[in-house]
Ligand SMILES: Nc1nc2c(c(=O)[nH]1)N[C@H]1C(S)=C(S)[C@@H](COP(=O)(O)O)O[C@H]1N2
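For reference, the chain that follows is the form predicted on its own, supplied as structure tokens.
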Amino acid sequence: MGVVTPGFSGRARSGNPRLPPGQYLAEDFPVLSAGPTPRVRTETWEFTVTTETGEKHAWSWAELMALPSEKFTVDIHCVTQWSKLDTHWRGVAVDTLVGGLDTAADYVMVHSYGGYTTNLPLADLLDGQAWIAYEYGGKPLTPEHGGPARLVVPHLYFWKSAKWVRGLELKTRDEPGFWENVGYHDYGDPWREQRYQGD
């Protein structure tokens, strides 16, 4: 007896070369979260970068807004298989916040308001690959989508683009974050379908 109902063929392949394997195009912007949505006021928001030696660098919301910003358009890919192409953001490149630091770290633990964490290689946040974004589609980023600010790392599955970001902790060894501790892939490359440990 077959396990697939006759006539069911799954989602049609788009043939779009910008769509990673196993993904489909989403018209909307789905909202997925691991817990309640934090409501963080910009008056109390703070972003920190902590080096592996414990040296802490901090920015208030006003200080972040005073930094050079970039408009960027990227494709995003969620591990739940939706992709959205040509998304428009504004934010501060992670290079601006980390680039001048004296560090021997190779890894980063990203921390969010609400307690969420995710791990990445530091190299994946530099050289114009990642931003602390505070606008989406020309408007302030809403809390549901990670506002007031979120990390955007478009070349990895979107769970690596932590919502409600509050800091980067630079580390000399890799440690798993929230989803990685429950079986998600440590790296999360959508083009290699690295959804779960062992992929």
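Keep in mind it's a predicted model, so treat the numbers as computed, not measured. Counting begins at 1, following the sequence as shown.
This next part talks about the form predicted together with the ligand, which is not shown.
Note to self: Although the partner isn't part of this model, could you tell me whether Trp59 comes within 4.5 Å of the ligand in the model of the complex, counting any heavy atom of the residue?
What the structure shows: No, Trp59 is distant from the partner.
Note to self: Can you tell me if Phe29 lies within 4.5 angstroms of the ligand in the model of the complex, counting non-hydrogen atoms only?
What the structure shows: Judged by the heavy-atom cut-off of 4.5 Å, Phe29 is in contact with the ligand in the model of the complex.
Margin query: Can you tell me whether Ala162 touches the ligand? I mean in the model of the complex, with a 4.5 angstroms heavy atom cut-off.
Written below: Ala162: contacts the ligand in the model of the complex.
Next item on the list: Using a 4.5 Å heavy atom cut-off, state whether Met109 contacts the ligand in the model of the complex.
Entry: Output for Met109 is no: heavy atoms all beyond 4.5 Å of the ligand.
Notebook entry, point to check: the ligand isn't shown here, but in the model of the complex, which of 40 to 48, 65 to 73, 162 to 170, 127 to 135 has heavy atoms within 4.5 Å of it?
Noted result: That would be stretch 162 to 170.
Notebook entry, point to check: in the model of the complex, do His155, Tyr187 and Tyr196 all reach within 4.5 Å of the ligand through at least one heavy atom apiece?
Noted result: Per the other structure, none of His155, Tyr187 and Tyr196 touch the ligand.
Next item on the list: Check each residue of 119 to 151 against the ligand in the model of the complex and list those with a heavy atom within 4.5 Å, in sequence order.
Entry: Counting only heavy atoms within 4.5 Å of the ligand in the model of the complex, the contacting residues of 119 to 151 are Glu144, His145, Arg150.
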